[in-house]
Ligand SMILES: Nc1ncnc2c1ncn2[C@@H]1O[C@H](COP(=O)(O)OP(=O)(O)OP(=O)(O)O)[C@@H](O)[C@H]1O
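Given next, in structure tokens, is a single chain: the form predicted on its own.
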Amino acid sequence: MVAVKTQSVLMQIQPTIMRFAKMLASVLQLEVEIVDVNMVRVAGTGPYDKSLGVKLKTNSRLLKHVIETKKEKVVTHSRTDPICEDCTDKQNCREKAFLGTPVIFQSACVGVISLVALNNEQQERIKDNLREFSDYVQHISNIFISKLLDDQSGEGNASRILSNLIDNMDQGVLILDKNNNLRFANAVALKILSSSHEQLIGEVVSARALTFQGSFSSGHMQYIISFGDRSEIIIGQLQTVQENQIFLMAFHQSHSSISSESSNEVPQIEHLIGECQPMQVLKRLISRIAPGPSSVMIAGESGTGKEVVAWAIHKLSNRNDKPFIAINCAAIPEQLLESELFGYVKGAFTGASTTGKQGLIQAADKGTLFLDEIGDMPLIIQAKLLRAIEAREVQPIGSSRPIAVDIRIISATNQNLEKYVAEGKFREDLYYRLNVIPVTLPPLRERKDDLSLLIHYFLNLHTKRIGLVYPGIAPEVMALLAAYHWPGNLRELSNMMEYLVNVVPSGEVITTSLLPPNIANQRHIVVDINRARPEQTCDSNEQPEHGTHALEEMEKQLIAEALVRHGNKKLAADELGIGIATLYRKIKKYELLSA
């Protein structure tokens, strides 16, 4: 009788419960399903936002188990749980993970609040935040019914419940209205922003993605959070819920203050990541030159992103709906380059296709031709390319008739073409034809202000692509990456981040112990000592042998003191800013075996 009566009351306040379920799903980024004791669906999100008020017939074994046992049920790999063993609908089940919590009212189980993962990302979120999510939902179940049933209006209480939930989250949360006025900020967000409720509530807060938002449909990005005269770089996700915006800060932050002067004047160019002064100048230049027809030559070291810039110029030009054809002049053998560029007709030479072949220059008609590593083009091909540019036509190999073309040429090189011209390796007339608008890309070592932004861009890129959990990154790692000279530039940084997201334990922090030797070995122990004791300095005139010995003695003392202070190796490693594996090596090195 109690169950029937409670069900009737739940359905009477079903709209309020439904709103609450949607808000909960948005905050936790999981699907939510709420049923009563008779297995009638009261509320749900995603695929569970159907058949409301109808008794469930399938996919309900886990829910029934929670109701019958009055205990929480966690399944991180659905369909393999013993409860699911005899389920006849197992093959059609989309659920990958499940967390169900009983709602107890007057000593009886009156329903279940369940969090459900339907994809790998949601499954990882449940696995990695199991304790936190369990605590949240248990907290809700303890107050949900008693609060809502005591007040049939329910809406004010539901808002208070949501506020209570958000305020106890480990993630920082900001809630903005449609006019970007801050309505709510939890304690974690206030701590990250070094602000108080009095300073922020009611303030206009803007969240501008540093990374071009079209690059990712979801996932973590760095945002400039601006309020008053302050701007902070914060890692997080911006979600839109009805007319409100919820900004969910990442668990791991490595944010910093930023000068927002003129930042809004810099054009946002997709995949061209950077806010440092050279990149701001580059973006403004690209936005000015892109609409015109003039040839552009991009100079820069290998791995600096020359093709990305070429693509950006094309996308911002009037040719953006026409072909963008890229060819690496260094990657194609000399004997094939001519036929690739200019094409050939049937029977032009032995081994030629019986149907002939269209050249890449002709394929780029009305669009853009990108010639990468132009300095490696043979002189004989240079001459023919010059004729094609001047006459605006190409003549395929074996053909007696030229074909008119309308192309814009963007070339790129990591070589000193002026020196090549002086040495006779590159035609001077072609050089001036191609170098109408020179664009120079700075190497990564000259873009250290962008390093944090680029690191988090590539972390998000690779975690989303591989399907892994977004990791944190220790300050010591950031310091080592900043000190590294990056000879391979952005390409090397991208490969490094892909390596790190594969080796770091799921959802944990990237520490120095995971870095490859070429980066980890550059760390001088004075970095750790200065972090622990800022007043310590190293005399630059000191002899290396004596200095190293002194530093090792100081390091040994610091480690010994930390071990005595904490009596726990993990806590000692955290204080020293090193990984646990590194700590064990140091203990062995300094023979601190009794520690």
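Small disclaimer: the values here were computed from a predicted structure and weren't measured. The first residue of the shown sequence is 1; numbering continues from there.
One more form of this protein should be noted, the form predicted together with the named molecule, which is absent from this view; the next part is about it.
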| note | Heavy atom within 4.5 Å of the named molecule in the predicted bound form, from candidates Val436, Ala187, Ala391, Val308, belongs to Val308
| said: So the named molecule isn't shown here. In the predicted bound form, which residue out of Glu340, Glu301, Glu124, Asp81 has a non-hydrogen atom within 4.5 Å of it? | reply: Glu301
| request: From the candidate stretches 110-118, 484-492, 377-385, 199-207, select the single one in contact with the named molecule in the predicted bound form, where contact means a heavy atom within 4.5 Å. | output: 484-492
| Taking heavy atoms and a 4.5 Å cut-off, does Phe247 contact the named molecule in the predicted bound form? | no
| With a 4.5 Å heavy atom cut-off, would you call Asn414 a contact of the named molecule in the predicted bound form? | yes
| query | Is Arg408 close enough to touch the named molecule in the predicted bound form, meaning at least one heavy atom pair within 4.5 Å? | reply | no
| Do Glu373 and the named molecule come within 4.5 Å of each other in the predicted bound form, heavy atoms counted? | yes
| said: Could you pull out the residues of 316-330 that have any heavy atom within 4.5 Å of the named molecule in the predicted bound form? | reply: none
